[in-house]
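We begin with a single chain expressed as structure tokens, specifically the form predicted alone.
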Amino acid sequence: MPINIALDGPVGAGKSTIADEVAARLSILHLDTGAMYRACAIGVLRSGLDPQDEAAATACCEGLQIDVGYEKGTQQTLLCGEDVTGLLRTPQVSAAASAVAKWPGVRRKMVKAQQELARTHDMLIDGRDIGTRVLPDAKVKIYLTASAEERARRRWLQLQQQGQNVPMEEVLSDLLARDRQDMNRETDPLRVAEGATIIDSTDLTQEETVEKILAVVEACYGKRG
């Protein structure tokens, strides 16, 4: 059986960065499911559709080809054959992805693809519903979180590094809005999976957070980076 690790948590908790490092230490793949939903959102936005329109957004996403590839262990996210990895983290795409991800038809398509990958690969998967929906039987489930203020600060720094001068107040407001949407959507809301280990990284360094997750994996699988 493949090693499957489920990593959930709210926006800005650092899931992608932490998951990259943990997967690298364990020599397994990291599947960023949020990137898949963001690719769907790009497709919807490019089509001139409203991500809040369930019928239109779902029909559009069902017609999109979303693939992932790996280069030196790093995920590339492909939209109809185009590598859109560098376009995924803008505020507009983030907001659209949170809207698109709440539609049941979109989620069914993405969850099926994610489960198929996990059946045949040692893989760490991060997202919002991995331990509750995608990998409910995963032996290791982690819920990674941090305070809203710290998550907003991290996201603001990330945007600054990308050359996007977005006010901190706007980043925090958008983050809180996404929290409400993710936690209150009807289909697969963000919540702590049964049996998950909760790790609050507010006052932890990246290395300390990685070490805590590796300790959980070691206790379960005896596998350590």
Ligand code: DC
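Heads up: residue numbers just count along the shown sequence, starting at 1. Just so it is clear, the model here is predicted, and its values are computed rather than measured.
There is another form of this protein, the form predicted in complex with the named molecule, and it is not shown here; the text below is about that form.
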One stretch from 32-40, 195-203, 163-171, 49-57 that, in the predicted complex, holds residues within 4.5 Å of the named molecule by heavy atom: 32-40
Taking the named molecule as it sits in the predicted complex, is Thr145 in contact with it (heavy atom to heavy atom, 4.5 Å or less)? no
Hey, in the predicted complex, does Ala97 get a heavy atom within 4.5 angstroms of the named molecule? yes
Can any non-hydrogen atom of Leu124 be found within 4.5 angstroms of the named molecule in the predicted complex? no
Would you check, heavy atoms only and a 4.5 Å threshold, whether Arg191 touches the named molecule in the predicted complex? no
Whether Ile130, Arg178 and Asp182 all lie within 4.5 angstroms of the named molecule in the predicted complex by heavy atom: yes
Enumerate the residues of 135-163 that have a non-hydrogen atom within 4.5 Å of the named molecule in the predicted complex, in sequence order, or give none. Arg155
